[in-house]
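Take a look at this single chain in structure tokens; it is the form predicted on its own.
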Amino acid sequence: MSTHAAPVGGPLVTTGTRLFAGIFGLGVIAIAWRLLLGLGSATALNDGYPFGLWIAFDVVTGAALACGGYAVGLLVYILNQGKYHPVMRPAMVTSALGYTLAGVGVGLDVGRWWSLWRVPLFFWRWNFNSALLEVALCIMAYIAVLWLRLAPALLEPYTSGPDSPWRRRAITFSRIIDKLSVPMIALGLVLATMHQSSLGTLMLLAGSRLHILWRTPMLPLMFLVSSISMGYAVVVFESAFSSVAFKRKPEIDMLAGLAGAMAPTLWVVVLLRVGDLAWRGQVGALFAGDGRAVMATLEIVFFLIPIVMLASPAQRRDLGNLVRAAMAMIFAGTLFRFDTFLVAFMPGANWSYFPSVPETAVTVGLVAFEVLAYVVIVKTFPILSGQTLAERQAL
């Protein structure tokens, strides 16, 4: 069986891709509604809640779920764990798609979306006191780095065959990217570290309007560490999904190793969360009995669940257990981010927020597009390692 990355193959138009394309089509209608009629008509945002579903999920949670490339990159390039290199390409695909859609989410949430192109270019107008400036610049730059790093894989099918100008251009571009890989990897790791922590910094600007259970200077570090564990969880879930969807042999040894790397980061998150509450004397707030106390307690519980599920080597080699643990980790990180940006935010008694139908349609549509794009990319380009379609049919 080949371990070299190869296209999965198979038809692109299936029942599943039609379904996701249809859902994305509804999302496109909602996007057009927002762009043509404005935020006021398409969202439930108000002066009390300037951030809603598009920021809490599409951007803040979406960027964390897209941390697979960053998390695996830390193992491969910083800790020199080359055995995880086969999952680098699929992790980068999910990262590139996730961050691109997070960028779309930002664009939709900005009032004057048509002026976003000015942010990286009009540097003499930058507000260096703005946390959002760092987030915007880092995410824009990181999207470019991800797609450039992925370009050789996407160009690989065009670098073979008869000689032609297109083939020579593809080979030349791939060689340039390969030569620049070290500084690009370093830049990507720095950018991801900066903006993941800055997303936590952003909510500290709310001051007293952020509930005491989340109002901590440790919030940027919590966002960073939890995003790394979410990145590992997404890579595990994506690999298991690919094994089932494309009838590939699951890479249990590699996934077990990733689960082993995920558990320590989870411990760090829990210790930071509980230790911070104890240091600030706010442990009692967890037992206040109100909705926010319940949500904060649920966060800690769901961060602990994967630790218990991945405690032994045998548990880490059980594919079903790995998937359940990854889903629990994804839910814990998502809940933590939703709580910080929406539940913990206290604009005043007269303000409320619940996502509108167009907001929800846009978010669901973007998620459907990400799944659809992932399927098309792995079927067309050499992303996944293991058995190809032809090899499976020959068995």
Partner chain sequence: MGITRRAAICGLLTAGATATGITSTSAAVMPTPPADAVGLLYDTTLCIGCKACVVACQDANDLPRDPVGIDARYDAPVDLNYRAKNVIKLYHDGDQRSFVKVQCMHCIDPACVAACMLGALKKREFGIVSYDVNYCVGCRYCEVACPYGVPKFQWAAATPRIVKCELCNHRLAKGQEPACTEVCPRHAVIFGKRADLLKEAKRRLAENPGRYVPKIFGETDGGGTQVLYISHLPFDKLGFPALGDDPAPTLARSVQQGVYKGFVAPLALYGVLGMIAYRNRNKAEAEDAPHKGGTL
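Computed from a prediction, not measured in an experiment: that's the story for all the values here. Numbering follows the first chain given and starts at 1.
The form predicted together with the partner chain is left out here; the points below concern that form.
- The contact residue chosen from 282, 242, 159, 197 relative to the partner chain in the model of the complex is 197, the criterion being a non-hydrogen atom within 4.5 angstroms.
- For the options 171, 311, 187, 271, the residue carrying a heavy atom within 4.5 angstroms of the partner chain in the model of the complex is 187.
- Of the candidate stretches 162 to 170, 298 to 306, 285 to 293, 118 to 126, only 118 to 126 has residues whose heavy atoms lie within 4.5 Å of the partner chain in the model of the complex.
- Looking at residue 89, you'd find a heavy atom of it within 4.5 angstroms of the partner chain in the model of the complex.
- At least one heavy atom of residue 217 is located within 4.5 Å of the partner chain in the model of the complex.
- Among residues of the shown chain, residue 51 is one whose heavy atoms approach the partner chain to within 4.5 Å in the model of the complex.
- In the model of the complex, the partner chain sits within 4.5 Å of a heavy atom of residue 345.
- Along 189 to 216, these residues reach a heavy atom to within 4.5 Å of the partner chain in the model of the complex: 189, 190, 193, 194, 197, 198, 201, 202, 203, 204, 205, 206, 208, 209, 215.
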